[in-house]
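Before any questions on binding or motion, here is one chain by itself as C-alpha cells, the form predicted on its own.
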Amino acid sequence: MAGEMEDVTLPRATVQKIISEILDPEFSFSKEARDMLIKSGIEFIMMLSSMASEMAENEAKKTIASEHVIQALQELEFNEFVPFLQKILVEFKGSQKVKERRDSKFKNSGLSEEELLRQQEELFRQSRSKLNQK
C-alpha cells in the first residue's frame, strides 16, 4: 500500500489553474511551492478520507456519505469549511431532484428509448422543415 500512496497525486494543470485564479497577476508561484501544495492537498484528503471512513464505520455503514465527510471535518477542527460545504450539498441535492423528475418523466411515459428517439428525430425534422420554409 505504501508504494501505491507514492503514485497518488493531484493533476498539476488543475492545481496550477486554481492557483492562477486565486493569485494576483503580479505574483508568481514557484514549481516547488506548487508541489508542496499538491502534497499538502493529498495529505489533507487522506486524513479527511480516513476520518470519514471511521465515522461511517462507527455507524456500521459501508458507504461514506457526505454527512460523514462533514462530521470528519468537524472532528478534525476544520469547522470553517462546514457551512460552505453544506450549502454546496443542498445545491447538489436540489439538482439531483430535478434530474430525477426529468428521468422519471421519460420512464413513466410508457415509451421505449427507441420510440422516444424516433419522436425526437421527427421533431427535429419538423423544425428543420419549418426553418427551411422561411
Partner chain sequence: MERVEMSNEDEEEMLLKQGKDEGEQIDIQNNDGVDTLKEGDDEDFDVFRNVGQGLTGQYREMLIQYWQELINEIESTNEPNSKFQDDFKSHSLPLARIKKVMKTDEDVRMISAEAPILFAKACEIFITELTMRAWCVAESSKRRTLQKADIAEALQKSDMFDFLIDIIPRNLPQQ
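Residue numbers count along the first chain shown, from 1. Predicted model only: the values in this text are computed from it and were never measured.
A second form of this protein, the form predicted together with its partner chain, is not displayed here; the remarks below concern that form.
Residue (of Leu117, Leu123, Leu111, Leu23) lying close to its partner chain in the predicted bound form, criterion heavy atoms within 4.5 Å: It is Leu23 that has a heavy atom within 4.5 Å of the partner.
Is Val8 close enough to its partner chain in the predicted bound form to count, meaning some heavy atom within 4.5 Å? It does: once its partner chain is placed as it appears in the predicted bound form, Val8 has a heavy atom within 4.5 Å of it.
Even though its partner chain is not shown here, does Ser49 get within 4.5 Å of it in the predicted bound form, heavy atoms only? Taking the distances in the predicted bound form, the answer for Ser49 is yes, it comes within 4.5 Å of its partner chain.
Is there a non-hydrogen atom of Asn58 within 4.5 angstroms of a non-hydrogen atom of its partner chain in the predicted bound form? Asn58 lies outside the contact set for its partner chain.
Find out whether any non-hydrogen atom of Ser66 is located within 4.5 angstroms of its partner chain in the predicted bound form, and reply yes or no. Result yes; Ser66 sits at the interface with its partner chain in the predicted bound form.
Going through 20 to 40 from first to last, which residues have a non-hydrogen atom within 4.5 Å of its partner chain in the predicted bound form? Sequence-ordered list: Ile22, Leu23, Glu26, Phe27, Ser28, Phe29, Ser30, Glu32, Ala33, Met36, Leu37, Lys39, Ser40.
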